[in-house]
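One chain follows as structure tokens, the form predicted on its own.
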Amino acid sequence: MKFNCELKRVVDDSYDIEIGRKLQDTLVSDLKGGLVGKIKKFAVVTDSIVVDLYGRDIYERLNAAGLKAELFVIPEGEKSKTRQMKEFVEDSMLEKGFRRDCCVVAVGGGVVTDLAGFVAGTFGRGVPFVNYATTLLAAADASVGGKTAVDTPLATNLIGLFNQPKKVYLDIDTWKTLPEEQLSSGLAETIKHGCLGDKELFEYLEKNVEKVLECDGEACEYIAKKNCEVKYKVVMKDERESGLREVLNLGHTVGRAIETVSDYRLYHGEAVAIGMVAQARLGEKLGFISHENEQRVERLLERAKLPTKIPDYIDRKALVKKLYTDKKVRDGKLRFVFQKEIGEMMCFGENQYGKEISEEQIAEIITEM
């Protein structure tokens, strides 16, 4: 006997991204005004650095507005993006009496937005969340597109779910409190967006990258908007990474592996920068990018004060082995996405953006670097 359980549904996961300065009052006003319905209970998730800069302030503003908020603080850094830390946040929320009638407010960079979005997706079988992004990296990458995940000792971002926020706030003023290496780290994802989908953005960075590092208002607003546009164009066409969305992994195959093998001594963007050089150099050998354009990519990364060579302390054999934990691997075969010159991506068939690469091909590049 067979029973068909027909559960077709149409879901509108649209949301606004607000780009501006000092958006704390806007956030509180939106939440009080019904952005997440009648919810009055808010879990503010932040990290040990951001808590004193913005996290506690937002928590206090929510309470002052007559809403009920609690503060949950995780240690800063990629090492907090784990199942254990997710468990800690969930258990802490349960202890404070949080149930299904709550909303998660993520205040921080990519680690916080990734973890808090994943918590929101499973807590009470799913509660709403908003992102208040405080880093250029989160503005460029983590807070747009709804990917939430944690890392494991074997691989990064393989345990998670697609979960769209109710709204994203990109507060450009917060970038002024970032150390320079974190601004550079965020620039890596911005340069990646120029390489894969926006030649105009790439050329703008070639002229103005130093201005971004100086937190020039006009330059920061321009790249914040451009990052959203590039990522939106890709995510809108392929929300769940069935094909096109793989292009956002440009530079990440080698980058993520370096990040893990270095035991997170490198910031995410620093590792991605090295990965970008690896794909560009391999792409040049395969005829996807000219030598001149490959050099432009390397020069721009260097001007953004990002590394372009693999540090000596990284074991090259361990690095090659780690590539096999990349989420683009199919049937045990390595797959890379490649930029086509500057501003476009290589396509290898209908909705096929990954190309199978032999271990020898990438090992040769890694040895050279």
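Small disclaimer: the values here were computed from a predicted structure and weren't measured. In case it trips you up, residue 1 is the first one in the sequence shown, and so on.
The discussion below concerns the form predicted in complex with another copy of the chain, not included here.
Exercise. Could you tell me if residue 190 has a non-hydrogen atom within 4.5 Å of another copy of the chain in the predicted complex?
Worked result: Answer no; every heavy atom of residue 190 is more than 4.5 Å from another copy of the chain in the predicted complex.
For this session: Find out whether any non-hydrogen atom of residue 12 is located within 4.5 angstroms of another copy of the chain in the predicted complex, and reply yes or no.
Result: Yes, residue 12 lies within 4.5 Å of another copy of the chain in the predicted complex.
Exercise. How about residue 76: is it within 4.5 Å of another copy of the chain in the predicted complex, going by heavy atoms?
Worked result: Residue 76 lies outside the contact set for another copy of the chain.
Exercise. Does at least one non-hydrogen atom of residue 130 fall within 4.5 angstroms of another copy of the chain in the predicted complex?
Worked result: Outside the cut-off, so no.
Problem set entry | another copy of the chain in the predicted complex: contacting segment from 96 to 104, 195 to 203, 264 to 272, 290 to 298, heavy atom within 4.5 Å | Of the options given, it is 96 to 104.
Problem set entry | in the predicted complex, the residue from 286, 228, 244, 213 that sits within 4.5 Å of another copy of the chain by heavy atoms | Result of the distance check: 228.
Exercise. What is the one choice in 260, 182, 253, 164 with a heavy atom within 4.5 Å of another copy of the chain in the predicted complex?
Worked result: When another copy of the chain is considered in the predicted complex, the option within 4.5 Å is 164.
Exercise. From first to last in sequence, which residues of 1 to 17 have any non-hydrogen atom within 4.5 angstroms of another copy of the chain in the predicted complex?
Worked result: In sequence order, 1, 2, 3, 4, 5, 6, 7, 8, 9, 10, 11, 12, 13, 14, 15, 16, 17 come within 4.5 Å of the partner.
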